[in-house]
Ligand code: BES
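A lone chain, given as structure tokens: the form predicted on its own.
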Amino acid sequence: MRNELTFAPLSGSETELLAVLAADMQSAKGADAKPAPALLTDDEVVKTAATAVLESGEFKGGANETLLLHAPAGLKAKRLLIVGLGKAGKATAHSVRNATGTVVRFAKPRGIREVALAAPVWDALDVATGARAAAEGALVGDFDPDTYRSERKDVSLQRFTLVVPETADRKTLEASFAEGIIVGESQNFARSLVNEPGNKLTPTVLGQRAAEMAQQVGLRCEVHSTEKLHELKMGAFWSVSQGSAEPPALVVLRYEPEGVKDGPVLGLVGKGITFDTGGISIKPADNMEKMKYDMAGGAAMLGAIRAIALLKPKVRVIAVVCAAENMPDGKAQKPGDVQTAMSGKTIEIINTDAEGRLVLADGLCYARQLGATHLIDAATLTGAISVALGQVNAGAFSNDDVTYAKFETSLTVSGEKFWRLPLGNEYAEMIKSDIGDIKNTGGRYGGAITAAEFLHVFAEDVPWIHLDIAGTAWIDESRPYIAKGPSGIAVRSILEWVRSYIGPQSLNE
């Protein structure tokens, strides 16, 4: 899809579909209060074309609500699509991101191959922020998971154009739009990895894909396997992979901006289980096919560091992805086994399906050994997080309030939903082992928290954030702005957390 930015009068845009955003400006309260949708544009010709339908009450301006007008009077566009942002007082840049995705997904099945969107003109949102959000939303909306259909029809958009007022600051808008394209493409890169079936994306192939991406964007990359795990004494990581015919992959990527020799080193650690049967503690057959998504945390780290490499923030970053298959082979580890992690801690294996924390244990330790001063990990770690938070919020944990405050602030830019859950000694007690140091499950209650406490053992006192994205990394039903399948969650939030260590930057800085 070609992505373009144009500075031109809206009513003069010649396109198959012109989309304009609208917000419900209604401020009155009570049962008799009626929606008051208003177009977020200064173009009077466009406003006139939509006046009758807005006054009819047919369109309320609800979030991602759509209304299509054919041959709109006075416009050169063949169609005018109005898309709602919801209540004006609650709408944000994320609302613009979703509304733009809604525009793209509205057009695709209708055979519309080019779309122009009016950048929202609105006191509550600066044009540059809206431009970045729109670029991200368009790319995210264009992604579909039907990669392997033999008769796949290409319904992708050929061109997406963002139309901004002629008086806008051209340099600032071009930088913001370009940034949005980078972020959207990086999120889709992560989604494309998660979407791959386990027979196509083995740990080795995941390492190859990471190396190819690194070469394209200028990252240093190393991909290691079994011999390196043994050299580093990564007994926890190796224990997961030992039951599979597919060798593991330890992927390390480094982003080292020119001229930066001191300051923090941010360690991004991702779980990369390319398929999870549960091992000897095998999962039920129902929905096991979805377990190809168990490397979504690793994919998020690869997507994030791709964006970091292209946006070039002045802070050093290391990404470590621990990739393996969890299979029930005759050589697979068994419940009751004791494994020794890279740190020297001994782990009693209670359930072989609690494998993600094992690979992350050694990944966190290795990131620290490589010099990381701050850590963030992401993983589809527990079903318990879905029980606690559903498929709306992902879980977040941290051992450091200052570090987490930076992450929480990043959510205002990323628009992603994370909810912080507690840690504590009472939960840490639940994973103490009688035969070793710790065990890899803490029982039925507080499962997401005890899993986080397990990782806390290996993060130690280094400022650390853990993201449990098991409930939100896969979308079961399509939404107006995004297809069902992999969501790419955490890419945007991790990127903004990294950038928080140097302050806001654009491509011009």
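Residues carry their position along the shown sequence, with the first being 1. These figures come from a predicted structure and were not determined experimentally.
One more form of this protein, predicted in complex with this ligand, exists but is not displayed; see below.
Asker: Please identify, from 414 to 422, 203 to 211, 179 to 187, 383 to 391, the stretch that has a heavy atom within 4.5 Å of this ligand in the predicted complex.
Answerer: Heavy-atom contact with the partner occurs in 383 to 391.
Asker: Can you pick out, from Ala354, Ala138, Leu80, Ile308, the residue that has a heavy atom within 4.5 Å of this ligand in the predicted complex?
Answerer: Selected residue: Ala354.
Asker: Please tell me which of Tyr293, Phe407, Phe397, Tyr427 lies within 4.5 Å of this ligand in the predicted complex, judged by heavy atoms.
Answerer: Partner contact (heavy atom, 4.5 Å) among the options: Tyr293.
Asker: Would you classify His94 as touching this ligand in the predicted complex, given a 4.5 Å non-hydrogen atom cut-off?
Answerer: Output for His94 is no: heavy atoms all beyond 4.5 Å of this ligand.
Asker: Indicate whether Leu40 is a 4.5 Å heavy atom neighbour of this ligand in the predicted complex.
Answerer: Close contact is absent here: in the predicted complex, Leu40 is far from this ligand, nothing within 4.5 Å, heavy atoms only.
Asker: Residue-level contact is defined here as any heavy atom of the residue lying within 4.5 Å of this ligand in the predicted complex; does Lys283 satisfy this criterion?
Answerer: Close contact exists here: in the predicted complex, Lys283 approaches this ligand to within 4.5 Å, heavy atoms only.
Asker: Is there a heavy atom of Asp142 lying 4.5 Å or less from a heavy atom of this ligand in the predicted complex?
Answerer: Residue-level check for Asp142: no, no contact with this ligand.
Asker: Could you pull out the residues of 323 to 349 that have any heavy atom within 4.5 Å of this ligand in the predicted complex?
Answerer: Stretch hits: zero.
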